[in-house]
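Okay, so here's just one chain, in structure tokens, the form predicted on its own.
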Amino acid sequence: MRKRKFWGWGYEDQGLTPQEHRKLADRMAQRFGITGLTVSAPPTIDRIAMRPPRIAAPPALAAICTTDAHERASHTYGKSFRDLVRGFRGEFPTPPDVIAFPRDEAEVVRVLEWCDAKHLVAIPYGGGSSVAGGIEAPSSGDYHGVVSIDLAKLDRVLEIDRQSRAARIQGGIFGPALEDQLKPHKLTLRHFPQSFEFSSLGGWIATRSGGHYATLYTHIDEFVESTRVVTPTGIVQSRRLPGSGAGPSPDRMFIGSEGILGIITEAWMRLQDRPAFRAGASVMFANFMQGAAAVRAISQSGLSPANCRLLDPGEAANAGAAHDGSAVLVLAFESADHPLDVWMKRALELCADHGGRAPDPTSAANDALATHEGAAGAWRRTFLAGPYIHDAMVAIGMLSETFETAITWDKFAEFHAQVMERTADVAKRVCGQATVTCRLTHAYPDGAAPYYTVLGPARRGSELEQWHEIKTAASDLLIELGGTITHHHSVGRDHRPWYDRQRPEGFARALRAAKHALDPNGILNPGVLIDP
């Protein structure tokens, strides 16, 4: 079987070739006017020193548990820059002691009972794609050991209600397998985060994942019909309904709970018919703020495009979408029911009102995307290759960090200007030189979600200190200016200090009480979102 990298993204036989690594290093050296960028070799598992497991699975669970070194290392970190650097260095000071692979819900219950009885940290694990420290074990506490509960074997679509256009799906299923099982029924969840290849349904729900849709259906929230969750005090299952006004929603308590309240084993999800019609266009703007004005007009028009992503000139150049200093809006519509020419025409009129210029849009009435070529195609390829490039940046000694937020339109212009200026100042001071770029990933009638990328030369051996200084400055700024610490990357451990400042104190007391009610011994992902 193919093995996934224990320190980075994807399978061991995937990623950039040595020639591509060298080409990337040369391009970064040329961009920043530096010399000496070398390509370091990734670690091998036989060179990794980890503490021995402190616990052993009981005989009744031994068949589904392992202490294999590769599995323990693979389940230690997520995929943030900080995670990749530590993994690349071979630093694994707090690995889980045991990895459990339950094959059904009954075994999830038994593993959680074992953890609760022996006071072991229990970390729910989906695809390991967290970029916020969401699956990392706590570095302190009076726990006797750590168990990572990997749901990869709960990977099936169990039931389909074609009439209601919904399905009951196990929480461990990865994105590609989910879509493959829905395709014969001509249905789709249509939730495509960048981590789609290696992230799970349960993980999407637990982290309030943001997906493919740039407007309207932006988060997994909209698709959840009901949930089934295993907690240390029993199973919680919500009633399956199209909508309800009966008090606070039980599902909403678990959507975004990041594994601190229970393990999502199943969910009924709202589906859609597979798109049969597509229309796409790339619109050029003289500057980013003109493009942002067009995005606001489109988001308030009710047209609801599937894709409405605005790249600033730096992002557009990095993606190969434009090299003339233009900002680029990647625009696309999808429908299973009707042609989209009228929708696209009106969207392009709105773009033109704000200085946008576009070639003739493309349309398609088949299952091949109409936006695979041109600037839109360049953006899509860069988007999908992004995680592999992050690995390569670490290998060549570059600091590559991203942060995303959301802000209302009335504050956006000043907010964006300050974030760009002040983050660039910090990044240049820390790295000597750096670039900060931005794209709008999601748009709402009342605001947008800007996504920032910081890129600069790292000092070998000091990458984490550099990362921490930039991350802290950027996060402080987001909270100071009224944004959110995260729009779709979750809180985890990395964002916890700023989440504490953003979260109302009354809600903090309620969340702490909910955790105590469902997890009285505080074993589930302690330290994430709230202290036990």
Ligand SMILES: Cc1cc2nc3c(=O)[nH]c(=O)nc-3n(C[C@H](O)[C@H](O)[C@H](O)COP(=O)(O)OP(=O)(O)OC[C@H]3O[C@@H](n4cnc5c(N)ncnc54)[C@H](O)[C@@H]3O)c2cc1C
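When you see a residue number, it is the position in the sequence shown, counting from 1. Everything numeric in this text was worked out from a predicted model, so none of it was measured.
From this point on, the text means the form predicted in complex with the ligand, which you will not see here.
> Please determine, with the chain shown alone, which of 290-298, 207-215, 421-429, 231-239 has non-hydrogen atoms within 4.5 Å of the ligand in the predicted bound form.
Stretch with heavy atoms near the partner: 207-215.
> Taking the ligand in the predicted bound form as the reference, which of 447, 355, 138, 193 has a non-hydrogen atom within 4.5 Å?
Contact with the ligand in the predicted bound form is made by 193 alone.
> Answer with one of 387, 102, 313, 87: the residue that has a non-hydrogen atom within 4.5 Å of the ligand in the predicted bound form.
By the 4.5 Å criterion, the partner-contacting residue is 387.
> So in the predicted bound form, does residue 131 come within 4.5 Å of the ligand, heavy atom to heavy atom?
Output for residue 131 is yes: heavy atoms within 4.5 Å of the ligand.
> In the predicted bound form, is there a heavy atom of the ligand that lies within 4.5 Å of any heavy atom of residue 200, even though the partner is absent here?
Contact check for residue 200: yes, within 4.5 Å of the ligand in the predicted bound form.
> Heavy atoms within 4.5 Å of the ligand in the predicted bound form: does residue 334 have any?
Heavy-atom contact with the ligand at 4.5 Å: absent for residue 334.
> Can you check whether residue 327 is within 4.5 Å of the ligand in the predicted bound form, heavy atom basis?
It does not: once the ligand is placed as it appears in the predicted bound form, residue 327 has no heavy atom within 4.5 Å of it.
> Hey, which residues along 316-354 are within 4.5 angstroms of the ligand in the predicted bound form, non-hydrogen atoms only?
Counting only heavy atoms within 4.5 Å of the ligand in the predicted bound form, no residue of 316-354 makes contact.
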